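Encoded as structure tokens, the following chain is the form predicted alone, with no partner shown.
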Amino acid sequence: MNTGKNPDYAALMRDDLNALRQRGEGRIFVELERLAARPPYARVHGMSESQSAAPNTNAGGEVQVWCSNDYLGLGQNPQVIAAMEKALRHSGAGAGGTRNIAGSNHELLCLERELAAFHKREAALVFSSGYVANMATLAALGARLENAVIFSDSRNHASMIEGMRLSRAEKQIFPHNDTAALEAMLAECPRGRAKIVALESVYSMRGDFAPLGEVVRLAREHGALTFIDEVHGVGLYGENGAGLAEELGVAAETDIIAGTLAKALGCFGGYIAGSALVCDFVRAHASGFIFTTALPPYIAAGARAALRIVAGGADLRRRLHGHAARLREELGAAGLPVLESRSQIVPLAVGDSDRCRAIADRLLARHGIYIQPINYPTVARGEECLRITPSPHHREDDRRRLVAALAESWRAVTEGGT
């Protein structure tokens, strides 16, 4: 007979959360209400009276957002909103279930066809999120391609790592952007073995680029499939905004491009684009596709409208990248530890979770600026940062105010100012 005491589950959970907080790694989220008519502003709920009355905070607790992944502001674009409203009135709020049960709604199939054309591929397959697209696709490929091995960049996103884990395929991790190490690993792998090289095009925390040209060349030379996560590249690079692979001229040589509808397209969901055979294979075997409710028609309609704006959005891209380049220069000139990158992501190295949180809190309370601190496990310990992402809606005086606020907050926190 089992006579032991039952576990105290509440105590176990409290102890775990307390340990996180003591290490400065507890998750604290600010309650925001995005304002469609006033990008890049949002209303903060739960601010104290003194905080909402701070000199640079607008009446009603409005703050300026500098860390959104809605890079082009399309989530607040009138054309996108109108397309969603029209589809919502026509088809209702939901998709009715998984595509295997409720069928594939017309808007979703239209979106897949437009995504395929956007990437100049035979087909595309839409998932409930970019995370699920990565996870489900790599899990299906790794599990169903017999004796597969997946070569993964050491800084790949958690969604890709989870997909590889679920696949139970062998994985070999090469140092970040180290093509010499990747080449050596590929050379040691038997020619007849199934191989997948998985990496991101633009890395989300540091904003650096992958050497896609060299990676694609090595994969072709050694008979490997390429899986390129373009979630931070779609909408922002290339003549038509199809991503960094398009800009570098290697898109046609990649096998699978993974993207998201939730960042530069401003909506929700994820997808892959590739050959009709690859998409059919993933559709048949990916549990994250088979057993998940499909995207509602109104989301698909909004994504289609955003996709058309992106395809002709060279001016939006120029404004965004111009802001990012000037922001890096101005932060450096102010003596702040901005990390080098050429992307729309401008990281400020902090290196300490408590300090990172304190600077973010001061920016919000004293300057009316919202930037979410990035701590472990999103980044490794010691790599804590403030991840800044300008948008086309920010103005030059907004940028100058941000730099001044960051300089003041940095000095106050790191040098004990007031």
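In this text, all values refer to a predicted model and were calculated from it rather than measured experimentally. Counting begins at 1, following the sequence as shown.
In what follows, reference is made to the form predicted together with a small molecule, a form of this protein that is not presented.
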Which of 244 to 252, 301 to 309, 227 to 235, 315 to 323 sits within 4.5 Å of the small molecule in the model of the complex, heavy atom basis: 227 to 235
Listed residue that, although the small molecule is not shown, lies within 4.5 Å of it in the model of the complex (heavy atoms), from 77, 105, 343, 159: 159
The unique member of 269, 266, 347, 288 whose heavy atoms fall within 4.5 Å of the small molecule in the model of the complex: 269
Contact at 39, 64 and 70 by the small molecule in the model of the complex, all three, heavy atom at most 4.5 Å: no
Residue contact check: residue 174 to the small molecule in the model of the complex, 4.5 Å heavy atom: no
Interface membership of residue 129, the small molecule in the model of the complex, 4.5 Å heavy atom rule: yes
In the model of the complex, residue 139 touching the small molecule (heavy atom, 4.5 Å): no
The small molecule contact in the model of the complex: residue 338, any heavy atom under 4.5 Å: no
